[in-house]
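Before any questions on how it binds or moves, here is one chain, the form predicted on its own, in structure tokens.
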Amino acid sequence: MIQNPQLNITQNPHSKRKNGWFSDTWRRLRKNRLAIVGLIILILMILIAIFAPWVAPYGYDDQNIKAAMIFPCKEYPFGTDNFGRDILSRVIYGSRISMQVGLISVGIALMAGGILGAVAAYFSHMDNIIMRTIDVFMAIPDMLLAIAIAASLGAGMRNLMIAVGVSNVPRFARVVRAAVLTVKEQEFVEAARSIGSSNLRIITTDILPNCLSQIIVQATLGVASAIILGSSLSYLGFGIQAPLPEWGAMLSAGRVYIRTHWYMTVIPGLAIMLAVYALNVLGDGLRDALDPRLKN
């Protein structure tokens, strides 16, 4: 009897390359065109912010009274303000400030909120105390809480980042708490306890890495909210002060001329809208890509 040689071939289960977490997420993310557009816009904005001194045609505070209040033209694509400063250059430098405020303030909120949420979820006896305190702060609107903090600390970039970050702590604390609650009773956590791992080691090396997807999505969406909140505070005079070119402060300075020189407010507003749009669609795409229910 002639045997089929294919019957003697056994497939090595390890011959097929297993995609890692990052490559698997990227594979699903790139199918979302809006998310990729948001990612490209965000990368371009970050690059522009980093290389602002080389990209901007003028300094952000270079004044030319003779060229004041010029509508967008070939020499000044975004026009000039009442001091003759190039708005394109100020928007470019403003991206550096707004991105920095958004990222650092979310870092503050993630650090403080993550610690509170993880402690509340892991140590059941502390959950009620921490979460009732979080509920009190969540009852206060983010804007009102940020204004109160900024007013008490004073104007300035550092104080603005602290105000925006602290006002977002309750939101991150709840997200991290919910994520930790779904993971802490898993078998691998029980195994870590059985071999004598400390609580700190279990939280940092076993639980939080498995909550990374929810944290990444919330952080991405949180940066968008932080940019809006920071711009709002600067618009009201509690944040970045002149002559620094923060987008919200530019809106505040141009509102007096909105009837006659609309571009002074429309262009910074479009910059805020574009950054927030990019972060929101990227956050939505990451949420879909990191959703375990969508895995093959």
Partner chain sequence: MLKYIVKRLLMVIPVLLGVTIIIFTILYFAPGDPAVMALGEGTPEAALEAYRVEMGINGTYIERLVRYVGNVARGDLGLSFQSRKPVVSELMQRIPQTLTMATWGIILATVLGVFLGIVSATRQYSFWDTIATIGALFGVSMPMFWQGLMLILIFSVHFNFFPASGFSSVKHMIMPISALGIQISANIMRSTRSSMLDVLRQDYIRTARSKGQKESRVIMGHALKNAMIPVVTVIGVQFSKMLAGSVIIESIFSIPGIGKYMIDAINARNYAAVQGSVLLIAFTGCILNLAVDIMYTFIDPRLKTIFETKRHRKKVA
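Just so you know, these numbers come straight off a predicted model, no measurement behind them. Numbering follows the first chain given and starts at 1.
The same protein also has a form predicted in complex with its partner chain, omitted here; what follows describes it.
The single contact residue among Ala191, Ala139, Ala178, Ile129, judged by any heavy atom lying within 4.5 Å of its partner chain in the predicted bound form, is Ala139. The partner is absent here; in the predicted bound form, the one residue of Ile43, Val266, Ala242, Ala68 having a heavy atom within 4.5 Å of its partner chain is Val266.
The shortest heavy atom separation between Leu116 and its partner chain in the predicted bound form exceeds 4.5 Å.
Residue contact check for Phe51: none of its heavy atoms lie within 4.5 Å of its partner chain in the predicted bound form. Within 4.5 Å of any heavy atom of its partner chain in the predicted bound form lies no heavy atom of Leu47. Using a 4.5 angstroms limit between non-hydrogen atoms, Asn199 is distant from its partner chain in the predicted bound form. With the partner omitted here, the stretch from 87-95, 146-154, 181-189, 100-108 that lies within 4.5 Å of its partner chain by heavy atoms in the predicted bound form is 146-154. Shown here without its partner chain, the chain has Gly248, Leu251, Arg255, Ile258, Arg259, Trp262, Thr265, Val266 in 244-268 lying with a heavy atom within 4.5 Å of that partner in the predicted bound form.
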